[in-house]
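One chain follows as structure tokens, the form predicted on its own.
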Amino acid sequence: MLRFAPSPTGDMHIGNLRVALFNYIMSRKRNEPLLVRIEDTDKERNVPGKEDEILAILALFKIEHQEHQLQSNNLRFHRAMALQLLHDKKAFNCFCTSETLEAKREASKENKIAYRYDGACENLHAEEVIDNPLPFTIRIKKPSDSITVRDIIKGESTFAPNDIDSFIIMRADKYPTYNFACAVDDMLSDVSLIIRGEDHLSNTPKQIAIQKALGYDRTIEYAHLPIILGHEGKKMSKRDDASSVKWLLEEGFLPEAISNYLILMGNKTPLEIFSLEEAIEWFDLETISKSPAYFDIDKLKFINREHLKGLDPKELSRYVGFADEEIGRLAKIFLEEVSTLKELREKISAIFAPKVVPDEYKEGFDILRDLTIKAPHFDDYESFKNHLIQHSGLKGKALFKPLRILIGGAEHGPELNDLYMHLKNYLKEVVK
């Protein structure tokens, strides 16, 4: 089984979506089920409605999963396994207060050494534990040997026992920490491959240590994806609009194009423009670069434009608010100058909206509008144009500028002949 494990604490960002896509692709390639595990144990940070939003985005991107789980439903297992570790003397109760620990961290900082838990509570006598009224956490004992993480993308990384430390697995409120809940849940679900961001690489040896202490001997494969950098070469944060999947969708990027770009980014692919189904055929985790990936909004716009061009005209028409194949063909003309559905809708809306006419073209515009309203139907643009010339007396710029505004909604744009051929059955509505 593979798993995608987001937290319901904010909008899904492109790093999350990239992880979801890669997990889905690999689950298909390996013919293993995909679990969506909502990691909701941090009650204070959970945002109501985010779980449903995550599932809706996955559905929109055609990321199918076979199981859906709330991490909080496994709380009884987290507590039982923490007690098992205490019983086996592989974990211990820690009564150190947050103030005491903070003071020790500050002392380490002043001495310019990395802070490590000093084992103050590791060897307390049973009476000292039983009779102690103070709230306590549970810490796992640091491993006796180094732990090596073998990563499909990053290669091997070895962590010494002191790097892993005696970290907390259960907080004083009897809720598990991230690493403990995650390690236990992956065991319970028999996860075979974990694909996630490289910011989790330091968590991996801790999770392996937990699983070893619990006697879990199955080898889990890992692939930690390099971080995504923005246009200034800094890690993309939630403050970057383009990092939000919701923002990209609202700006008019197609899910298919976003998927295409996230799979392409920092990867060697046989094609530049492709569908998710096509990517499943040739995708290989080993072709992903170890270096950070750079997010380029202009590249995404290019890919989005190519996907828009490939849409069936009727489907494209529905995206811009119509259900007519001809409007879809009209929309494709504008793809020479725009890249997103938002921009495309603005172009099409301007054609059917009341026109804003500069004073110098107002008189000609009014003449042409009246003639168009009263004109018979013409199958071709030349006949329509000649009719207007004959009855208006306008020519040159005095004719074409107001005419372009009349049927195109703007002073500049596609050829009038192309506009007319797709709008001739809508002319009365366009010039009303």
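Numbering starts at 1 and follows the sequence shown. Note that this is a predicted model, so its numbers are computed, not measured.
There is also a form predicted in complex with a small molecule; it is not shown, and the following applies to it.
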Open item on the list: Just to confirm, with a 4.5 Å cut-off on non-hydrogen atoms, which of Tyr178, Phe322, Tyr175, Phe77 contacts the small molecule in the predicted bound form?
Closed with: Tyr178
Open item on the list: Under a 4.5 angstroms heavy atom criterion, identify the one residue in Ile169, Cys182, Leu330, Ala257 near the small molecule in the predicted bound form.
Closed with: Cys182
- [ ] Heavy atoms, 4.5 Å, the small molecule in the predicted bound form: which of 193-201, 89-97, 227-235, 304-312 makes the cut? Say which one.
- [x] 193-201
TODO: With heavy atoms only and a cut-off of 4.5 Å, decide whether Leu2 touches the small molecule in the predicted bound form.
DONE: no
